[in-house]
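In structure tokens, one chain follows: the form predicted on its own.
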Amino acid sequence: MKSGRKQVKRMTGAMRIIHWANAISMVAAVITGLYIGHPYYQTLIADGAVDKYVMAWNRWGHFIVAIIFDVTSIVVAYLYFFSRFEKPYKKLIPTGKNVAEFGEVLLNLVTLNRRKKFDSTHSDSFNTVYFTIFHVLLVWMLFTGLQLYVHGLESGESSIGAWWPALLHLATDWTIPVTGGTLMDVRISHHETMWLIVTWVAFHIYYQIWRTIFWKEGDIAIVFGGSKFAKEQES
């Protein structure tokens, strides 16, 4: 470690597991989701894709990663308010301190680090708002995705009973009028939101690399080891 710097813990083991579970699931969700919306490959064997259950396997994979998103979203929502490490919701409260910090981090980004007047040893307001937007998009994807899924259970029955489709209808039918009034509107919204998330991920990766280069505090190492090395005078 260089002199004048100290190691600060930024992510717990549970937070890193959630991060990578989300990252891997997202890649799988995009690949399978694009296939479900518009099948873009076939099997290389002579038999047609329909005989290899290619669509069925893609739907199954999509459903599995959606379940992972469900579980991690519930855990993240809990940690938002009750984590013993840090409580992100406190950074969302529009106090003068949080608003000023948000502005300083934004200025730091657009001026290419020529101005840095905030403490980078902890999660700042800008990043917290940014990650909150991501999780809001994920929740919307879950509701619209489950609405599309439950319409595949037209009989009102499922392998685990009628309560499951009934519960899904109760939880997600509101997405139809909100998106425009038809199931196709829900499908289009689900698809377009995916591109918003892909855009979010692209900026997220760019920004983490950007901070690692300009701040020189090893920010990219946070998702691997949980720590970074901040300058002593800024803590």
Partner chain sequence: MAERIDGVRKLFTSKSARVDTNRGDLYYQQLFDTCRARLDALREQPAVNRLDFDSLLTDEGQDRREFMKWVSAVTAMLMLPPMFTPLVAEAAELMNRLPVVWLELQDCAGNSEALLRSDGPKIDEIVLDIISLEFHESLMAPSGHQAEKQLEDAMEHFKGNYLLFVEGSIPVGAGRDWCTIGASGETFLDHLNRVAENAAAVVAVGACATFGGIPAAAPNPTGAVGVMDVVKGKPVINIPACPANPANMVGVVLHYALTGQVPELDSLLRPKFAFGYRIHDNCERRAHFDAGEYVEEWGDEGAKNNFCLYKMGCKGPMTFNNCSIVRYNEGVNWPIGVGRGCIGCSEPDFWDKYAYERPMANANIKAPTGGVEKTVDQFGLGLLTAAGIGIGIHAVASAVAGKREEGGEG
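Keep in mind the model is a prediction, meaning the values are calculated, not measured. Residue numbers count along the first chain shown, from 1.
One more form of this protein, predicted in complex with its partner chain, exists but is not displayed; see below.
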{"property": "Residue among 68, 209, 55, 31 with a heavy atom within 4.5 Å of its partner chain in the predicted complex", "result": "55"}
{"property": "Contact label in the predicted complex: residue 133 to its partner chain, heavy atom within 4.5 Å", "result": "no"}
{"property": "Its partner chain contact at residue 159 in the predicted complex, heavy atom, 4.5 Å", "result": "no"}
{"property": "is_contact(residue 122, its partner chain) in the predicted complex, heavy atom dist at most 4.5 Å", "result": "no"}
{"property": "4.5 Å heavy atom contact, residue 214 to its partner chain in the predicted complex", "result": "yes"}
{"property": "Candidate stretches 104-112, 91-99, 74-82, 137-145 - the one whose heavy atoms come within 4.5 Å of its partner chain in the predicted complex", "result": "104-112"}
{"property": "Heavy atom within 4.5 Å of its partner chain in the predicted complex - qualifying residues of 195-220", "result": "195, 196, 198, 199, 202, 203, 206, 210, 214, 216"}
